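The data below hold one chain only, encoded as structure tokens and taken in the form predicted alone.
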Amino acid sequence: MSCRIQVEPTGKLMEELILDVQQKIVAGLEAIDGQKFYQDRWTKGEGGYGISCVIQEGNVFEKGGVNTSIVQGVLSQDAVQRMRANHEGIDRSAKELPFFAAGISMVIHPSNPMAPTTHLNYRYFELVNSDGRKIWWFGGGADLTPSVLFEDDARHFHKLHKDACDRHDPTFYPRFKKWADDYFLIKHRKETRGIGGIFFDDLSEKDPKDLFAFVKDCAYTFLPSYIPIMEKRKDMEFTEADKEFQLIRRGYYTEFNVMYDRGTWFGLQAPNPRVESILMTLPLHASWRYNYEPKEERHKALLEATHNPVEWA
């Protein structure tokens, strides 16, 4: 089976968007940190390529990455089932299906426990059934994962993403905020990994031009939603208890990413996966303590929000 497909115009627009968003985000984060990201440009068979931009042991960011990938190939049926929640219309009799994917994925882990970890991902997929019919959709979102909860930060992050949603459809934010709360649930711990944001998948309910405009708006919302928070928190004083709690929360973050994250699973099952780029989401340091119970009230406040999601906007 050929793994080359004729990519729709939306796919080309998405490719241009994610490359521009990537460089803008990198520039914004470099301005905060003062250290440059290492940029690793790679190619793979059938014309696939991407750019992995990584920072490690920076002045502000302990570890982070802003990655793009534009790839074509064939996916096994198992990989197809993992990459999409709604399997309607997908040819489940075929062992392999050609695909095109363009996406940007970012995770940033600050050193200071008063500053929040954050995640962003926006992606576009095309699949080709055995009869030649194409199935396409968008997915993605952004969320905030603090160790110490500052309600002003939570409201700011959610408000800007709500505003981006509302410019396109007033039903989007309540739907996608709840979806984020459900998706970022660490099921075995019965709590969310952070304080959420927005998340959506299998989005194909409108004209692709309209949905592309929505995704574009959300992607450019990231810097104004996160940079002001970092400017306030990156130099705050903190205690040893704050640092310990941050490492515990990063352990939970790791559990979610390797056990439940759909992007991680898809990346590792795609042909010839770039493991270093896929697992750049994991923190440089994390900790697991037996029967750990936080003692600080501000740490307990975060746990209240992760066990009982809040309507921030």
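Just count from 1 along the sequence shown to find any residue number. This one's a predicted model, so the numbers in the text were calculated from it and none came from an experiment.
Keep in mind that the form predicted in complex with another copy of the chain is not shown, yet the notes after this line are about it.
**Student:** Is there a non-hydrogen atom of residue 280 within 4.5 angstroms of a non-hydrogen atom of another copy of the chain in the predicted complex?
**Tutor:** Looking in the predicted complex, residue contacts with another copy of the chain include residue 280, since a heavy atom lies within 4.5 Å.
**Student:** Heavy atom to heavy atom, is residue 133 within 4.5 Å of another copy of the chain in the predicted complex?
**Tutor:** Result no; residue 133 lies far from another copy of the chain in the predicted complex.
**Student:** Taking another copy of the chain as it sits in the predicted complex, is residue 44 in contact with it (heavy atom to heavy atom, 4.5 Å or less)?
**Tutor:** Outside the cut-off, so no.
**Student:** Residue 59: heavy atom within 4.5 Å of another copy of the chain in the predicted complex?
**Tutor:** Because no heavy atom of residue 59 falls inside 4.5 Å of another copy of the chain in the predicted complex, the answer is no.
**Student:** With the distance limit set at 4.5 angstroms and only heavy atoms considered, check whether 152, 160 and 181 all reach another copy of the chain in the predicted complex.
**Tutor:** No, none of 152, 160 and 181 comes within 4.5 Å of another copy of the chain in the predicted complex.
**Student:** At a 4.5 angstroms cut-off on non-hydrogen atoms, which residues of 250 to 264 are near another copy of the chain in the predicted complex? List them in order.
**Tutor:** The stretch touches the partner through 254, 255, 258, 259.
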